[in-house]
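Just one chain is shown here, as C-alpha cells, and it is the form predicted alone.
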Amino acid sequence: MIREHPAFSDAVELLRSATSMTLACHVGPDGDALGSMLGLGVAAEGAGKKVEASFGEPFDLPHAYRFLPLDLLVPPARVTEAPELFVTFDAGSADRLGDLESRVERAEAVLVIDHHASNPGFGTVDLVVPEAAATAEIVYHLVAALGWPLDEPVAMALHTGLVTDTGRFQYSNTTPGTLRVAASLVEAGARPEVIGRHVYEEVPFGYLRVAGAVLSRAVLEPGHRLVWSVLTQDDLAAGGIGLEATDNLIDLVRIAEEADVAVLMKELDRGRVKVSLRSRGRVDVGAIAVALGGGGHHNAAGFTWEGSVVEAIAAVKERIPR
C-alpha cells in the first residue's frame, strides 16, 4: 500500500541524495508528529546526513514525549533559512508549520510526508497516504527502503507515533500492516511499556485539577449525540501546567457512551479557540474540521477558531447530521 504509492520512489530518492535536511512537524506536535520526525531524523543522521529538526512556536515540548531522542531539536529561530531538503511530517497544510512555513518557498526541494486525506500537497514530492494509520508508518517504510539504521532510538520514536495515532491500536485505522510494522519496531528495540508509561500513565499533579475542572463543566446534548467541554486559561493557571500537557484531555471527554461526537475547546490567546473533535464513526468530524478551516481524519480532527467558545461549538453543532 505505502510502497506502491506513486510518490514513494521519488521520496526515497530525495532522501537518499540529500546531504543535509531540515525536518519540521506541525505546531503543537503530538506523538505521531514528533515520533515520525525524530525517527527519520535519527535514522538519517545514522546514515551520515546532516540533520536539524524543529516545529513552530510555541516551541514547548509536550511533557509526555521527553523520553524521545531530542538531540536534533532546535528552536525555530535557529532553523536554516534555505534548506537543501525540507521535510515536513504530519502537517496537513503548509500553514500548519507556523513559523517554519516560509521554508517551503525557500528550500531547494520539499518532501511532504503525511496521512491526512485533507492534505492538498504543497511539496516538490508529496507522499500523502491516507490509508496509513500514522505518518510514522510511512516513515518506517522509507527508512526500511533506504536501508538506514533502524536501532532502538529510531524504533522508539516511530512506535510512539503508531501507538498515539491508533489509540494504542484500538482505533479503526489499525490494519494488519500497522501491527506488522509495530512488531518489527519492537524487534528493533522499541519498548511498549516505556512508551505507554510516559504517554498514558504519567502526568503532572496539576493535570488532575485541570481535568477535574474540564469534566465538571462537560455538557451532554442528546439531540446531537454530542458531549463537549471547555479548557480555560484560568484552569491552566490553577493547575500550574501548560497547554502542551493537556493533549489527552479529549480522551476523558469522549468516553461518554451517550455521545457519537466529542468536542474539547481550549481557550488560547487573543480570543482564539483550539477545537479537538472525536467521532465514534457515524459522523465525519474530518469534514467538519475542513469546513471550519482545519483538517484531520474521519474520527479525529481539529481546527482553530477565531472567536468565542460559544461561537465555536455552535459552528460544530450546525454541521453535525441529525
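So that there is no doubt, residue numbering starts at 1 and follows the sequence shown. Since this is a predicted model, take the numbers as computed values, not measurements.
One more form of this protein should be noted, the form predicted in complex with a small molecule, which is absent from this view; the next part is about it.
For V309, no non-hydrogen atom is located within 4.5 Å of the small molecule in the model of the complex, even though that partner is not displayed. Using a 4.5 angstroms limit between non-hydrogen atoms, A300 touches the small molecule in the model of the complex. In the model of the complex, the small molecule sits beyond 4.5 Å of every heavy atom of G41. Shown alone here, G295 lies within 4.5 Å of the small molecule in the model of the complex, counting heavy atoms only. Heavy atoms within 4.5 Å of the small molecule in the model of the complex map, among the stretches 253-261, 57-65, 268-276, 42-50, onto 268-276 alone.
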